[in-house]
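Below you'll find only one chain, the form predicted alone, shown as structure tokens.
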């Protein structure tokens, strides 16, 4: 069985980060080991949440894994909360990256702004993880921050290609941008390969709603599909279809919760989609 190690925080309640990565990747027939960087009582869209920093546990976990001789088919990073955590993740890449795919979701910004708690110099630190990554999966805002470019809501394919090329120039082997739209009512992902410079696009219906955690759901499905043997464009398309299905099922529920989508109910769709 293939094995992924996912390095990010976990919310005791709230559908994001490891709370979605573990079940989604497991359902896709891939083992998901976890390195929790922090434990939160809920995700940060709630009020009064508690937070326990687990940075001090990250290196002992790596030490034990190395002692036991564990190997991984992929290392998948999500939200990282500090400069020190980025440095520790670089150690994971060195110790366990041989023969493994490295997928970086630089979860730190959206809608033109950094998440609360990040300083303006943090994106430069996060960008250090791009060098050697098999796939980097930022949204448009994150890509602009990683490259030191001004965020734009009005853009064309030339600008998107400029961002993708910039991410490859930082050392990523493949780059993808999520949340891209060139046409009203359509939202999707575009990617560029560093090997042959192949460009791909995939768009789905743009549902005019916003739920916390859909980016993590998307990345987890993409990583699972990639490790299961899909090509990068196929994995990105599958993840887009699954994420949209999660949102559709959520909206169909009369009293759906505002804090996350019903990704659990969409897992049968995900498994069926994997067979295509």
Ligand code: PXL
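Superpose the two forms; the largest set of C-alphas matching within 1.5 Å is the rigid core. Positions refer to the first chain, counted from 1. All values reported here derive from a predicted model rather than from experimental measurement.
This next part talks about the form predicted together with the ligand, which is not shown.
Q: Please state whether every one of the three residues 26, 101 and 223 places a non-hydrogen atom within 4.5 angstroms of the ligand in the model of the complex.
A: Judged in the model of the complex, none of 26, 101 and 223 sits within 4.5 Å of the ligand.
Q: Please pick out the stretch from 42-50, 233-241, 63-71, 28-36 that is in contact with the ligand in the model of the complex, where contact means heavy atoms within 4.5 Å.
A: After filtering at 4.5 Å, what remains is 42-50.
Q: Should residue 212 be classed as touching the ligand in the model of the complex when contacts are defined as heavy atoms within 4.5 Å?
A: Within the cut-off, so yes.
Q: Taking heavy atoms only, is residue 79 within 4.5 angstroms of the ligand in the model of the complex?
A: Yes.
Q: Is there any non-hydrogen atom of residue 19 lying within 4.5 Å of the ligand in the model of the complex?
A: No, residue 19 stays farther than 4.5 Å from the ligand in the model of the complex.
Q: Can you check whether residue 96 is within 4.5 Å of the ligand in the model of the complex, heavy atom basis?
A: The answer is no: residue 96 has no heavy atom within 4.5 Å of the ligand.
Q: Counting any non-hydrogen atom inside 4.5 Å, which residue from 107, 89, 163, 175 sits next to the ligand in the model of the complex?
A: Looking at the other structure, the residue within range turns out to be 107.
Q: Scan 83, 151, 115, 203 and let me know which has any heavy atom within 4.5 Å of the ligand in the model of the complex.
A: Contact check passes for 115.
Q: Superposing on the rigid core, does the Cα of residue 49 end up 2 Å or more away between the shown form and the other one?
A: Residue 49: C-alpha displaced by 2 Å or more between the shown form and the other one.
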